[in-house]
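Presented as structure tokens, the chain that follows is alone, the form predicted alone.
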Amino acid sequence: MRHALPMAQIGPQAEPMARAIGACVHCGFCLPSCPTYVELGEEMDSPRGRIILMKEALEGTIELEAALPHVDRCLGCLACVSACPSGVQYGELLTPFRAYAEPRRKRGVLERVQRRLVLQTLPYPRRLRLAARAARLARPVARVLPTSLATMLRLLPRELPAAQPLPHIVPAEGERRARVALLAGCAQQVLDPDITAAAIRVLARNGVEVVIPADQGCCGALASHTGAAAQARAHARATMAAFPRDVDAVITTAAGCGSGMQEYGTLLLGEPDHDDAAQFAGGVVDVCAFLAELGLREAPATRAPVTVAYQDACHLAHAQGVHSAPRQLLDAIVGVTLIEVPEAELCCGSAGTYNVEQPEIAAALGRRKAVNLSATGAHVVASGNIGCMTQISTHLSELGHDLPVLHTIQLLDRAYARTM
């Protein structure tokens, strides 16, 4: 069934949005995989409920403000896409709806300040590092701050790792098998720069020349997924201009960044550079998917048996469809026993800025994930996104579990170095 959305107001995004609305048959297969439905038990906080609300808000049968509380509570994890038998591309509705709603909604002063703080800090490593250092001074008064601001303080590490300057080019070891360009990431450079360094080492060891563009910045995923469309398009264009095209792939190590860059064609739909954006997006590949396809030259090994619980990052498994590749790489490590996590399909509650904007729900999901992970008895947790890793580490720590959380590429790197 087709729906006539107001093209003049929405623009070229109206067509894919209408397709997503029309594809939903309201069967309910998405309900058990939706974190907010599982937590809240409310129909309007499920994917099919939100689809109805967004449709009615776009068509003018309900006020936009009536739909926004439920749409705001959506993590955008896209677990519903993996669960949907009808192929509803929920992300093609949610992201442009948020872009449509943002300039038309009413936000309070504190909410506007908080949103501006996040969007003008997280995508800029130098600003984030300064903010993280300044945040240490505010920790003693965290209890009297608004919940959202207190959550930001909780998620920041007490001590930041030292910055790791990145080279421009790292040559392949031995015969070159591929040449790639690597996205360094924004928050990742501040919170855990070892992820990028580990990716460079593992890629080079497996015969891949790695180019790290010196003038790269934020990819725009954070802005795109939170409705700041103009900022997202500016970041996307700057990213495309910074990256070389004479490479086999553009590699990402953060699931949210990868999914955002793969959506450049949709983000710039109707723009003069749409075709270029779509072509660029088609070359963006997660580091685990790239290595699994390329094949490891040699199997790394641990010094002692290690049990690893792999937790799917939502924007890797559901948005990018990368499910087996990280497991394939972990299984290739001699000495690793890979185990699955109960309720693995449920988001951890990070979801970009979600744990700041919806701190209560995010905290409940974070605790739930931490309990499930600790119940596995694993020695270490592996995942594929810095936001997920930060959220999971925080809640494991708060529950008293000393369980390290590493990126899949870090485990490979340590196994190659025989440091685990």
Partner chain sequence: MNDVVAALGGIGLGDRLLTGPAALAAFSSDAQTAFQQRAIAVVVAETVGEVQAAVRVCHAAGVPFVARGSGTSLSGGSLPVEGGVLIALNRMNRVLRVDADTRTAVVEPGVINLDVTRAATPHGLYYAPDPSSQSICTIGGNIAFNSGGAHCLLHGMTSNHVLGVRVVLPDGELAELGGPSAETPGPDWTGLFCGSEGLFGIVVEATLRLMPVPEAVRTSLAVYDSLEAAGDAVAQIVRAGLLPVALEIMDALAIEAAEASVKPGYPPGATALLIVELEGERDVVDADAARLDALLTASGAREFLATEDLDERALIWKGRKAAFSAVGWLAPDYIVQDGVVPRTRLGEALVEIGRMSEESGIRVANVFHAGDGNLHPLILFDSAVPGELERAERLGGDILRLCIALGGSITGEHGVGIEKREYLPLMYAPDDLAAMRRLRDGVDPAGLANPGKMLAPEAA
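Positions refer to the first chain, counted from 1. A quick note: this is a predicted structure, and the numbers were derived from the prediction, not measured.
One more form of this protein should be noted, the form predicted together with its partner chain, which is absent from this view; the next part is about it.
**Q** Contact with its partner chain in the model of the complex for residue 28, defined as at least one heavy atom pair within 4.5 Å: yes or no?
**A** Residue-level check for residue 28: yes, a contact with its partner chain.
**Q** With heavy atoms only and a cut-off of 4.5 Å, decide whether residue 22 touches its partner chain in the model of the complex.
**A** Within the cut-off, so yes.
**Q** Does its partner chain come within 4.5 Å of any heavy atom of residue 375 in the model of the complex?
**A** Flag for residue 375 set to no.
**Q** Using heavy atoms and a 4.5 Å limit, would one call residue 395 a contact residue for its partner chain in the model of the complex?
**A** Taking the distances in the model of the complex, the answer for residue 395 is no, it never comes within 4.5 Å of its partner chain.
**Q** Only one of 380, 363, 52, 356 has a non-hydrogen atom within 4.5 angstroms of its partner chain in the model of the complex; which is it?
**A** Of the listed residues, the single hit is 52.
**Q** Just one of 212-220, 177-185, 91-99, 78-86 has heavy atoms within 4.5 Å of its partner chain in the model of the complex; which?
**A** Checking each option against the 4.5 Å cut-off leaves 78-86.
**Q** Taking 237, 246 and 276 as the candidate spot, are all three within 4.5 angstroms of its partner chain in the model of the complex by heavy atoms?
**A** The answer is no: none of the three residues contacts the partner (heavy atom, 4.5 Å cut-off).
**Q** Even though the chain is shown alone, can you say which residues of 379-418 have a heavy atom within 4.5 Å of its partner chain in the model of the complex?
**A** The stretch does not touch the partner at all.
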